[in-house]
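A lone chain, given as structure tokens: the form predicted on its own.
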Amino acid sequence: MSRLTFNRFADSLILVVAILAVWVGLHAYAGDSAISAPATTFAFAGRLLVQPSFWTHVAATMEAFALAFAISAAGGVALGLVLGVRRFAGDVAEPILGSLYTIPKVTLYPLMLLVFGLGMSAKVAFGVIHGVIPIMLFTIAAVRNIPPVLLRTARALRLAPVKTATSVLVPAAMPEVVTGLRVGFALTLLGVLIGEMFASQRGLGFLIINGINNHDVRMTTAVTLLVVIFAVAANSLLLAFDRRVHHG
């Protein structure tokens, strides 16, 4: 094991121990009525993982998340490339997008429910509104950081817009775009989970809010733990890919 790998492992271990210590402290302070103990939570999560009904909820969340992230990634990157190339349009759009993203999403939920109703479409919409704007902003910044000589060369070679985008813009902007996709991944997942709390009868978000409503602390804590584990694992893989793209 290299020294760098050992240091990363040690840092991760310290972080896990610190989180568990805080968790134990919160349980000791608030009691079982607010948060279940780590041992109880892991045991309950293990029981959930062998229940077919639980995997039905996992499948519902993953289906909505996959569709929402696909829309966010494709739309965010495409619009970001266009606004990045058209500098004036990008200068106008960037502060507007930033302002829109600062609006608390909870204020949009009644409108989203009226437009999309309950079910899959609403969950996907909630995910997209959380993930697409950050991806757009990262892509705009990535295009602006492309060396101007590359774009001048593309114009000198009289490349078509599509050819310029695929052979010049995307490869040059890829490291920052991947970073934007990593951020958008986490935010889209968050949006889908929140959407399931408000607009669904299935999914992990529904299990969390149903546990809160029924005061089932073990259910709420265990599902939250499983979501966090999935998010951390996925983000770690994306971060490793991000580092490889930046240094590859």
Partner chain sequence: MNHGRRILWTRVAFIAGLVGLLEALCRLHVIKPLTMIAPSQMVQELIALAWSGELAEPALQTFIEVGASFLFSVTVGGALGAVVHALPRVRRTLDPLLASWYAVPFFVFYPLLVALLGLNVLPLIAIGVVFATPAMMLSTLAGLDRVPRVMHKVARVHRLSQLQEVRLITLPSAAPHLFTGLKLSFAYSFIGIIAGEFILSGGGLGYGISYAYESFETPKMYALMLFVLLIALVANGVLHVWDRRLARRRGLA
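Fair warning: this is a prediction, and the values are worked out from it, not measured in the lab. Residue numbers count along the first chain shown, from 1.
What comes next is about the form predicted together with the partner chain, which is not displayed.
Considering the partner chain in the predicted bound form, the lone stretch of 149-157, 72-80, 167-175, 98-106 in range is 98-106 [heavy atom distance within 4.5 Å]. Put simply, P110 is close to the partner chain in the predicted bound form: some heavy atom of it is within 4.5 Å. Contact annotation for A21: none of its heavy atoms lies within 4.5 Å of the partner chain in the predicted bound form. Heavy atoms of M219 never reach within 4.5 Å of the partner chain in the predicted bound form, leaving it off the interface. Mapping the unseen interface onto this chain, V50 falls outside it, with no heavy atom inside 4.5 Å of the partner chain in the predicted bound form. Of the residues I35, A60, A45, L67, just one reaches the partner chain in the predicted bound form with a heavy atom at 4.5 Å or closer; this is I35. In the predicted bound form, the residues of 158-190 lying within 4.5 Å of the partner chain by at least one heavy atom are, in order, R182, A186, L190.
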